[in-house]
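A single chain, nothing else alongside it, follows as structure tokens in the form predicted on its own.
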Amino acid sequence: MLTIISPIMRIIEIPMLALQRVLGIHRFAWVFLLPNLILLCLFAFLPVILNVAYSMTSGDNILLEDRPYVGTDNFTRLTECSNHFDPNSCSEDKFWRAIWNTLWFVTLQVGFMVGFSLLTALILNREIRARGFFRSVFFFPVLLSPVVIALIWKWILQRDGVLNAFLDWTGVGGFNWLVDAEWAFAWTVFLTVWAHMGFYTLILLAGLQAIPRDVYEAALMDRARPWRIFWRITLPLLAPTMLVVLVLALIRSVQTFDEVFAFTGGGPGTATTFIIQYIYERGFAGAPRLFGMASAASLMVAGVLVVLTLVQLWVNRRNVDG
């Protein structure tokens, strides 16, 4: 194998050495960076620029040259409401239903996610039997495909599913879990918490293990009670990690789409329609395909995510400097 590779590398070395002499040793690094930069521009920066351009046009034509320029009309239509707390009073009522659904979902999901992740991390940080096994069990859902998770729980919760079969067997009777709006929303929150909790548990567990043991030993010598140790030692020292988990969970929660789309399809009605699904339906699944409206909505969501990302970077830098 080496006898084949070595001559090839010698042939490649000749133009590379010549190029290095022309560019210099310091500029030569750009030769290796250039392919990655080209791909980054093609698949990251260019789509963002096109998205901004599409947000200022209307119609259902794909080519920009066939789309009339409308300026900020798409943003105006999205935000035009006589009462933003009442989606029925908005020009684009489904957009605001998706916004309010997303806000409720993010509030509940992130709250339960952080709370259960902290509780699980505290338990798994203790000296318990089969601790490694339980850590693997809680992290296992993170390894599964979101669509697979959604289909599994849909199979469990459908009218003739496993849960209703068990309830019928016990005499309680089954329920239409995914037909009732409130139950569908609640199960959506549960599903996403169950699917992603292991990731945040792992981060919090790492934060707990980074706390020096001698601090706890000193507290035990002073006969401090467990709840006081938690409030005065564990929680303050874990606060930077908690903040990182909170920001990451917020970003992930706002972007929720795949599990919910495969689980409820946004229904019943618009009960579980969130902002990313609204963008998908307006741009790709609806008729006509309103690319301009979808692009404008996606830019508004991107603005929120940029703010959350800047907060995360600020928190990370503060932790490093601290």
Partner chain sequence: MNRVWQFITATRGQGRMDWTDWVTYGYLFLGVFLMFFPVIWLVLSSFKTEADIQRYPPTFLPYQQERVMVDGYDEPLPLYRITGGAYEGQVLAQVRRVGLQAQMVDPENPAGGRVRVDTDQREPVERVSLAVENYTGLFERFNFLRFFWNSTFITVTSTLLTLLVNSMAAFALSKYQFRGRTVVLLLVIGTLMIPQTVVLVPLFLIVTQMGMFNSLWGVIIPGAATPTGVFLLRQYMITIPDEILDAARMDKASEWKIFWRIIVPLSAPAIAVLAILAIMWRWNDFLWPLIVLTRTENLTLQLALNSFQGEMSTEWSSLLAMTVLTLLPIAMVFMFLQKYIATGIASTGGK
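Residue numbers count along the first chain shown, from 1. Not measured: the values here are computed from a predicted model. Note that the rigid core is defined as the largest set of C-alphas that superpose within 1.5 Å between two forms.
A second form of this protein, the form predicted in complex with the partner chain, is not displayed here; the remarks below concern that form.
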Each of L40, R129 and F134 near the partner chain in the model of the complex, meaning some heavy atom within 4.5 Å? yes
Examine T270 and determine whether its closest non-hydrogen atom to the partner chain in the model of the complex is within 4.5 angstroms. no
Determine whether any heavy atom of S58 comes within 4.5 Å of a heavy atom of the partner chain in the model of the complex, and answer yes or no. no
Would you classify W194 as touching the partner chain in the model of the complex, given a 4.5 Å non-hydrogen atom cut-off? yes
How about R252: is it within 4.5 Å of the partner chain in the model of the complex, going by heavy atoms? yes
To test your reading of this chain, name the stretch in 137 to 145, 100 to 108, 231 to 239, 87 to 95 whose heavy atoms come within 4.5 Å of the partner chain in the model of the complex. 137 to 145
Selected contact from M221, V162, V179, V172, since only one has a non-hydrogen atom within 4.5 angstroms of the partner chain in the model of the complex: V162
What are the residues of 9 to 38, in order along the chain, with a heavy atom within 4.5 Å of the partner chain in the model of the complex? M9, I12, E13, M16, L17, Q20, I25, H26, F28, A29, W30, V31, F32, L33, P35, N36, L37
Rigid core fitted, then: does Q20 show a CA shift of 2 angstroms or greater between this form and the one not shown? yes
After the core is overlaid between this form and the one not shown, has the C-alpha of V307 moved by 2 angstroms or more? no
